[in-house]
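One chain is shown next in structure tokens, namely the form predicted on its own.
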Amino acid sequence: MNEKVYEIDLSKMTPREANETIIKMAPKYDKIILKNPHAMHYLIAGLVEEVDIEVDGSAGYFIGTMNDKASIKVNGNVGWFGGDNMTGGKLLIEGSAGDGVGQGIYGGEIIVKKDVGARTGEIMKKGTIIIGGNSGFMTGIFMMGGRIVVLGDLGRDVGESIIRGVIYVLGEVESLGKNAKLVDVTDEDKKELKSLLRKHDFNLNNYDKFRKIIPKSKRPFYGK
């Protein structure tokens, strides 16, 4: 069975027109290719269809916000809040991303091959975020669940006010935020990381150098 592919030229569309066209065509095709995105903001917002979408270039703010089932690939960089409030699906960014990647996600997977800005995974509840490069300050701030994996370095105040969840890091950690502590990974952690990273084409030779950041307390704001 041949894959049904539809191309959309975004060069003369507004974000509203682009998203209306994507939502209309998603049930009819296996794959949608977005041409000439020119870093358009708010692309692929609120999509609930199970469809592959490829952005042939870079995207602006809030790419894939509230995505539920779509598998999105961006062949460039993205602006702030990539994958904001996703509930499922996948967002793969081949380049770098701005601040707030994976803000508030409830599920799904976000993979950024290069560096990202600040506040990665802020108030995320579930799901997985993988960063192939560095992640800026306050990664995992107010994190409520899920996992973040950073293959580069972490900036200052990592895990600020973290409640649940885990942040794995292969590189250096500038400083920890309130309620965050840095501990060694277990053999089970290494096994989980190896399976996860190989699934997304990150082939590492050594998993022993990983460490993880977890909450000091489950109730940090309620007395001593």
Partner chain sequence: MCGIAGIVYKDRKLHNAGEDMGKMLGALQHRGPDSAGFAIYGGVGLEKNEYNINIQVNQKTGLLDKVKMAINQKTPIKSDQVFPSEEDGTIVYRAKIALDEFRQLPPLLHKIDKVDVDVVVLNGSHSFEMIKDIGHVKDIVEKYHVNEIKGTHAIGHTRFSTESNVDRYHAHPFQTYIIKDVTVVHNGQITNYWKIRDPLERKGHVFETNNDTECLVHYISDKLDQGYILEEALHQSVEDMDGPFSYIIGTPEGIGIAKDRLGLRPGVMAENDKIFAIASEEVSLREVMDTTNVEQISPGEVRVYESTPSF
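Numbering follows the first chain given and starts at 1. These numbers come from a predicted model, not from an experiment.
What comes next is about the form predicted together with its partner chain, which does not appear here.
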| query | finding |
| --- | --- |
| Heavy atom of Lys114 within 4.5 Å of its partner chain in the predicted complex | yes |
| is_contact(Asp99, its partner chain) in the predicted complex, heavy atom dist at most 4.5 Å | yes |
| 4.5 Å heavy atom contact, Ser58 and its partner chain in the predicted complex | yes |
| Close approach of Trp80 to its partner chain in the predicted complex, 4.5 Å, heavy atom | yes |
| Contact segment among 182 to 190, 160 to 168, 23 to 31, 39 to 47, judged by heavy atoms lying within 4.5 Å of its partner chain in the predicted complex | 39 to 47 |
| One residue of Leu151, Ala118, Ile123, Leu92 in contact with its partner chain, assessed in the predicted complex (non-hydrogen atom, 4.5 angstroms) | Ala118 |
| Residues in 122 to 160 close to its partner chain in the predicted complex, defined by a heavy atom within 4.5 Å, in order | Phe137, Arg156 |
